[in-house]
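Just the one chain here, the form predicted alone, laid out as structure tokens.
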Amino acid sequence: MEALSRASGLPGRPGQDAVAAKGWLAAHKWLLLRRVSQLGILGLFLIGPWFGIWIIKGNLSSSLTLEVLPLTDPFVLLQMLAAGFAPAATALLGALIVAAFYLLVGGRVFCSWVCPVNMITDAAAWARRRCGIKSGHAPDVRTRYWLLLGVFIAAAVTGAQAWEWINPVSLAHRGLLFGMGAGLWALLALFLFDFLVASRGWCGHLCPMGAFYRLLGQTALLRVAAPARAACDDCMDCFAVCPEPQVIRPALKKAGQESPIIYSADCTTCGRCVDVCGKQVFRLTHRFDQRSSS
């Protein structure tokens, strides 16, 4: 059916072979776990102000869990430093804890497992596939690093965390607490940009938070690998669903490397390539796992 869909020019539905081979649940396992993670984290922040159950106080920028564990976004902390503020000791400790976590598991795990905006950009990518939209022009991938630099310059010039005024993550959180207002239009604009203009344009090419966490995850232990790449039948489903498809080729096709590990820090470790592969080519593992059947 998938082959017929491609041949007839109809919008493809990546993962149909995987559903037939291993069942719907197994073909969506990592996607479902990510949604549970994203919604669960968001829910923990919201049940305090909504229902008075204060497990976590604060937001994704800075929080206190069970009145004991401080967590601070290191990206926000660096903005504070650039703006000329001296952070409290608890903020420094929280930033060190978060930075250590993402250094270990991979910086862009934040993008796929924590960031609520990812659900919006994923929805836009799904809509593009269903509508068969292949046109569009994505900004140069280096743009996000210029924007990252701009965030710190803006903080230094304004003496404030200027990015947080327009940060889609912060807008989404504030909107859920106080009413969406302008935040709704900002999130809708992101959806339309990814849907109509550039596939994965925001997360993959513009978001300065994604750029920061990419830099943080250069040497992470958690990785996706393609140990069964010899079984690949070139269906391209993994490329269709991957938010950073350029990371797949070196490991899958031995393009410049023999290792089956996806080493690129652009990889968000979302697990969708594992989900949609009916040949079970991929798996989540660690960077030292060099086992390969090819």
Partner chain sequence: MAMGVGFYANQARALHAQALRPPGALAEEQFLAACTRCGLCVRDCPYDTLKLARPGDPVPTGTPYFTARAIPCEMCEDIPCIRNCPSGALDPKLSDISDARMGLAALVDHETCLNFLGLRCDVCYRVCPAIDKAITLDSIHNTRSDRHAMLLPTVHSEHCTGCGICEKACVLPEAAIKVLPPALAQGKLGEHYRKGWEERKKHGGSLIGEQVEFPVRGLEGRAYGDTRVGDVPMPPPADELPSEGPGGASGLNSRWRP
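By rigid core we mean the largest C-alpha set that fits within 1.5 Å across both forms. Numbering follows the first chain given and starts at 1. Values in this document were obtained by computation on a predicted structure and should not be read as measured data.
A second form of this protein, the form predicted in complex with its partner chain, is not displayed here; the remarks below concern that form.
**Student:** By the heavy atom within 4.5 Å rule, which residue out of Cys131, Ala189, Ile166, Leu96 makes contact with its partner chain in the model of the complex?
**Tutor:** Of Cys131, Ala189, Ile166, Leu96, the residue with a heavy atom within 4.5 Å of its partner chain in the model of the complex is Ile166.
**Student:** Could you spot which one of Val197, Ala160, Leu103, Met119 gets a heavy atom to within 4.5 Å of its partner chain in the model of the complex?
**Tutor:** It is Ala160 that has a heavy atom within 4.5 Å of the partner.
**Student:** In terms of non-hydrogen atoms within 4.5 angstroms, which of the given stretches 251 to 259, 33 to 41, 228 to 236, 58 to 66 touches its partner chain in the model of the complex?
**Tutor:** Selected stretch: 58 to 66.
**Student:** Would you please decide whether Phe178 lies within 4.5 angstroms of its partner chain in the model of the complex, comparing each non-hydrogen atom pair?
**Tutor:** Result yes; Phe178 sits at the interface with its partner chain in the model of the complex.
**Student:** Using 4.5 Å between non-hydrogen atoms, is Tyr145 touching its partner chain in the model of the complex?
**Tutor:** No - in the model of the complex, heavy atoms of Tyr145 and its partner chain never come within 4.5 Å of each other.
**Student:** How about Ala211: is it within 4.5 Å of its partner chain in the model of the complex, going by heavy atoms?
**Tutor:** Ala211: no, not in contact with its partner chain in the model of the complex.
**Student:** Looking in the model of the complex, any heavy atom of Phe85 within 4.5 Å of its partner chain?
**Tutor:** Output for Phe85 is yes: heavy atoms within 4.5 Å of its partner chain.
**Student:** Do heavy atoms from each of Leu221, Gly271 and Cys277 fall within 4.5 Å of its partner chain in the model of the complex?
**Tutor:** So, no: the whole triplet misses its partner chain.
**Student:** Once the two forms are fit on the core, has His173 moved its CA by at least 2 Å between the shown form and the other one?
**Tutor:** For His173, whose C-alpha is compared between the shown form and the other one after core superposition, the shift is 2 Å or more.
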